[in-house]
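Okay, here we've got a single chain as structure tokens, the form predicted alone, with questions on binding and movement later.
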Amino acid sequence: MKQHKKALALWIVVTLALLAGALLAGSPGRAETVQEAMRDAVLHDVNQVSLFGLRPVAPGMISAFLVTAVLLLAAAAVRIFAIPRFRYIPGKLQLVLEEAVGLFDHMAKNSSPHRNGFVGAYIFAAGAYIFVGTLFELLGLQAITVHGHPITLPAPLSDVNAAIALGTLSYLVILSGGIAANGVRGVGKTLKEFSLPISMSFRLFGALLSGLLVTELVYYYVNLSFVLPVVVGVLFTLLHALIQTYVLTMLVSMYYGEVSEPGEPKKKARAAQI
């Protein structure tokens, strides 16, 4: 026990020494100011990347293509190689997959007991995209901008366009549940929550962008080779990956359950009033 305490104390001392050295050494200097770095992180009007030589796009779009390709390849590999080998007594991979599917399946059934087949599949796909897409920035993959400068590819949903697209798609899924269960009345139920796609979109965008901006500030004012930027970047990324995956999937399943709940027939309702 004493050895663990000594090791922890030594680690803290070394970390503080490195941090002090970083602060004393100062920033190595950058071509752009911190305000320009913050602005470009939101608008992506400077550090754009060429899309197959066709046109310049935001780096988040390249990240979105890569994350989508990785998820599709992983899904195909699981379906072709893993699922045919599933057994009654599950192995490690089978257990992880069953727990992941069961988590979203239970969430869909609890929030939407009347119609949950499609919404369960959707929140599983959306949750996987948010989680993997958020962790994607930890890889630190590099790209070259149209101006010839290197840039680290960000998380796809740190781009406001990607966040709006996912929020709008989630709202359309909720709308489809209302129409399938209640027809035109389902449309009315869903349209009452007109601010839902905006809130979901900007919740995703704001949360992921906040982590990006905090990490950018730390990188800007502290030398890159020290401990603090890595710790801050990893903690913010893991925290946002878990929280935003849970929040969006829970909201979609909950609202889907509300609008897809069958309405009471008019005749029965009138008889009950009489």
Partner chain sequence: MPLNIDWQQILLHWMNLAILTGGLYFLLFKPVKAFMAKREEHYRQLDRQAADKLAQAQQLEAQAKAKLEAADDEIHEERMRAQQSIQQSTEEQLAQAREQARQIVEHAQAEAENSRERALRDSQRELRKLAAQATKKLAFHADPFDQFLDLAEEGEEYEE
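Residue numbers count along the first chain shown, from 1. Since we're looking at a predicted model, the values are computed, not measured.
The discussion below concerns the form predicted together with the partner chain, not included here.
Selected contact from 196, 153, 181, 160, since only one has a non-hydrogen atom within 4.5 angstroms of the partner chain in the model of the complex | Looking at the other structure, the residue within range turns out to be 160.
Using heavy atoms and a 4.5 Å limit, would one call residue 164 a contact residue for the partner chain in the model of the complex?
-> Although the partner chain is absent here, residue 164 would touch it in the model of the complex, with heavy atoms inside 4.5 Å.
Partner contact for residue 234 in the model of the complex: the partner chain, 4.5 angstroms, heavy atom | Output for residue 234 is no: heavy atoms all beyond 4.5 Å of the partner chain.
4.5 Å heavy atom contact, residue 68 and the partner chain in the model of the complex | Residue 68: contacts the partner chain in the model of the complex.
Is there a non-hydrogen atom of residue 242 within 4.5 angstroms of a non-hydrogen atom of the partner chain in the model of the complex?
-> No, residue 242 is distant from the partner.
Within 4.5 Å of the partner chain in the model of the complex, do 251, 254 and 259 each have at least one heavy atom?
-> No: no residue has a heavy atom within 4.5 Å of the partner.
Would you mind checking 118-154 for residues with a heavy atom within 4.5 Å of the partner chain in the model of the complex?
-> Counting only heavy atoms within 4.5 Å of the partner chain in the model of the complex, the contacting residues of 118-154 are 120, 121, 122, 124, 125, 128, 129.
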